[in-house]
Ligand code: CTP
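What follows is a single chain, given as structure tokens, in the form predicted on its own.
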Amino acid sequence: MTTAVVLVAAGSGSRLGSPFPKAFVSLEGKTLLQHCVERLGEWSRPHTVVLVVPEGWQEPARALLTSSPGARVVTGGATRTASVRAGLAALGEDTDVVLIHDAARVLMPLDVFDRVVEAVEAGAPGAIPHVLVVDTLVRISPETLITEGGPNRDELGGVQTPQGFVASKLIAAYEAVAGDFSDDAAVMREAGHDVVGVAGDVRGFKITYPEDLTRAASVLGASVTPLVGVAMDVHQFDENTPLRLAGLTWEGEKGLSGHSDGDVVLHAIVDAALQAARLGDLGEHFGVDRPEFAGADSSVFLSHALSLLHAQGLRVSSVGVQVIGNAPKIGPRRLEAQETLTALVGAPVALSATTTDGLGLTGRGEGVAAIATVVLSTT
């Protein structure tokens, strides 16, 4: 029977306090999504993979799939149900068994995947892993906070993923129901199908809050504190040059002066990366005393900085950048810029913009500034 895994990775990182989508949050130098993809790459059962990611994060996701022949990346929706629908629509017609797995459960052992598939192959329309509930359960009341007579925990289980199904039945179930559901087993039950349970694993907990990242890092044997650098770059406008910003050319906008192309976003990223690695700064490596860099594309600086990091056994884990200025308007091209920067850096880059309410040189429209935060980890 042919097997496919739909890896749902379109959720936000708001509860983790991250500017990145949850699946692109770093855990020990790799994104949660990368951990999941690599774990699936170790699964002995032949399978295909469909990644469901947020709008604007398709290219970073595709970069993780170089060793996964036949894998696809699709854009998710505003809800988990919508994202699963998008993943199911991308399945091959020959798919017999489909597993829906949350990218936030990065540590789920592969033997749980095997148990789920085996239950479906044995004739169940669907199978879900679950773990025992160990805490005492109570009913919550706004008036008294806690009331007696809670449910019997011996009759309950904590539901996990991957959840596996006969592919044709799950697709038909999604077509037959309306509304949003918390998981795929609920969709199957709503459509009239029975779903069986198999043993899950406590290591398959869902990463939702910052303390969950700490717990996951502990399980992975974390011992190294990430290196962090913060840097700022500012350039004034020059009407006689084209504008290069965030790796893009901005037609119709005033350019930025500088020894190179004046891309303050890339300059700030490079400076922050060098700072985090204790390798000096932008001026030391690419200053005005280096005529070969006159008018250079700032991506050259980034490429060189990344090679210096690699020589030190370091890699960029994540980047956050804020552009400060009245122009250009970042919003219409923010996703395009994020994808370009992510491809250049080789790690998730989140881009935002703000103004200074008329204060300072950026407020007066004299130039543009950028502040970058770069997190490094060991390779």
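Residue numbers here begin at 1 and follow the sequence given. Note that the coordinates shown come from a computational prediction; the quantities given were computed from them, not determined experimentally.
One more form of this protein should be noted, the form predicted together with this ligand, which is absent from this view; the next part is about it.
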Decide if the three candidate residues Val234, Leu245 and Asn326 all line this ligand in the predicted bound form, where lining means a heavy atom within 4.5 Å. no
Partner-contacting position among Lys254, Arg115, Lys169, Arg80 - heavy atom within 4.5 Å of this ligand in the predicted bound form: Arg80
Is His259 part of the interface with this ligand in the predicted bound form - any heavy atom within 4.5 Å? no
Would His285 count as touching this ligand in the predicted bound form under a 4.5 Å heavy atom rule? no
Contact of Asp102 with this ligand in the predicted bound form (heavy atom, 4.5 Å): yes
At 4.5 Å between heavy atoms, is Ser14 in contact with this ligand in the predicted bound form? yes
Partner-proximal stretch of 127-135, 70-78, 185-193, 301-309 relative to this ligand in the predicted bound form, 4.5 angstroms, heavy atom: 70-78
